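Let's start with one chain on its own, the form predicted alone, as structure tokens.
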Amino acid sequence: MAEKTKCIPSHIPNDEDIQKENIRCLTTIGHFGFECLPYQLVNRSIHQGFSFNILCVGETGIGKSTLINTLFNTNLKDKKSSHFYSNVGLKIQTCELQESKVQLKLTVVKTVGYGDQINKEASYQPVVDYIDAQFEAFLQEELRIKRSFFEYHDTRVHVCLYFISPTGHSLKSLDLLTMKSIDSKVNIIPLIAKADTISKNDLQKFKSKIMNELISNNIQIYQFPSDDETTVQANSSTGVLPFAVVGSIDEVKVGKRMVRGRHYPWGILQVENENHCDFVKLRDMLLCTNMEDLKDQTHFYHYECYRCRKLQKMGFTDVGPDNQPVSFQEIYEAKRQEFYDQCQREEKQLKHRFMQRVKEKETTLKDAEKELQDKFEHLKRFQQEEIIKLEGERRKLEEEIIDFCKTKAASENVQAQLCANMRKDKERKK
């Protein structure tokens, strides 16, 4: 029979406590090995690989592809988008990246034709539909009897990089409407694209104005975690939001070294220089520090909210009318019985409507049959009258024929007699 294990207290009492309570404390002998659990998780995660899904929302030509290529130091082959799309679309690209021994499956979803239409009322709807579709696909996978999460590619959007035009004035109505529609569904990180087109003073004013507009419109953006000691220092610069970024995969020569940047007539802008733009801050916060937190927020908050709304819409609940816990089986049976009763009611209604339609059709057919019968009788009487009339005319014609024949025979006899008399008179004269 196995012995019952005792829980070892994490707090080690000092000598005074031992003397006061008269407790004999025994030190553990040997090595248990569960301190290696973190290393097991790390090795398993490295073996399985990681995935990260980014949604880029912004106008055509604002630099979405360039920034993604700069972030991951890759070149996602992409054709230049046109400004003449009638509707907003989404372009999905997936690639496999590797850094040291860590493999990352990156999925980038970019808007196409966003903000190019004259009527921008429904420009945000394809973005909302795509986010909900990924949540729905994951929920359907969860509800399956045989689930395959090890092989399932999670396509839920972990972060939305919202690109703001560097106007220097304020957010557009489309920006506010779109972010308000998706702030409860995805982690939003606002970016000021092509920040090198604004001076430093105007850029700071533009940032303050954007944050004030987001707060006044009650738009929730991603809050960098501040409760973890390992990330507090890294996330302490969240005051720079929205990030003013510049992207470039071209290398320019600065002194004796090559750096990524842009060469202008007035000088060189270095992408990885924090005095020039916030690209490094964005990369560190997005990839180095908070990538796992973004995925956790997506799963434990945004997806849970969607799942809760979906199940409540289907009629499922955790407690009954008496505020007592209700099992899923009970709810399922109740919904099944309710659905069965509803089907029975609808079946009776359909049968009743069917019988009414049959009776109406029978009445219509009987009326049509009676009408046809009356018409037939009328035509039959008319035909009989015509037959009688024709029979009378036929008899009259036959009588006329007989009279004519008699008259003809009499005239022929008279003519023959006259001819005979004329011959006799000729013979006498001779």
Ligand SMILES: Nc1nc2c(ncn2[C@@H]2O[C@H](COP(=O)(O)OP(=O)(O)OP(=O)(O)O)[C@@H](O)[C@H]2O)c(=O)[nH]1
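Please read all numbers here as calculations on a predicted model, not as lab measurements. Counting begins at 1, following the sequence as shown.
Another form exists, predicted together with the ligand; not displayed. Remarks below refer to it.
Quiz item: Would the ligand be touched by all three of Phe84, Pro126 and Ser181 in the model of the complex, meaning a heavy atom each within 4.5 Å?
Solution: No, because Phe84, Pro126 and Ser181 lack any heavy atom that approaches the ligand to within 4.5 Å in the model of the complex.
Quiz item: Where, among 401-409, 36-44, 52-60, 361-369, do residues come within 4.5 Å of the ligand in the model of the complex by heavy atom distance?
Solution: Result for this chain: 52-60.
Quiz item: Is there a heavy atom of Arg262 lying 4.5 Å or less from a heavy atom of the ligand in the model of the complex?
Solution: Yes.
Practice problem: Report whether the minimum heavy atom distance between Arg257 and the ligand in the model of the complex is within 4.5 Å. | Solution: Flag for Arg257 set to no.
Quiz item: Is there any non-hydrogen atom of Leu241 lying within 4.5 Å of the ligand in the model of the complex?
Solution: Flag for Leu241 set to no.
Exercise. Answer yes if any heavy atom of Lys194 is within 4.5 Å of a heavy atom of the ligand in the model of the complex; otherwise answer no.
Key: Output for Lys194 is yes: heavy atoms within 4.5 Å of the ligand.
Quiz item: Of 241-271, which residues get within 4.5 Å of the ligand in the model of the complex if you count heavy atoms?
Solution: Stretch hits, in order: Val245, Val246, Gly247, Arg262, Tyr264.
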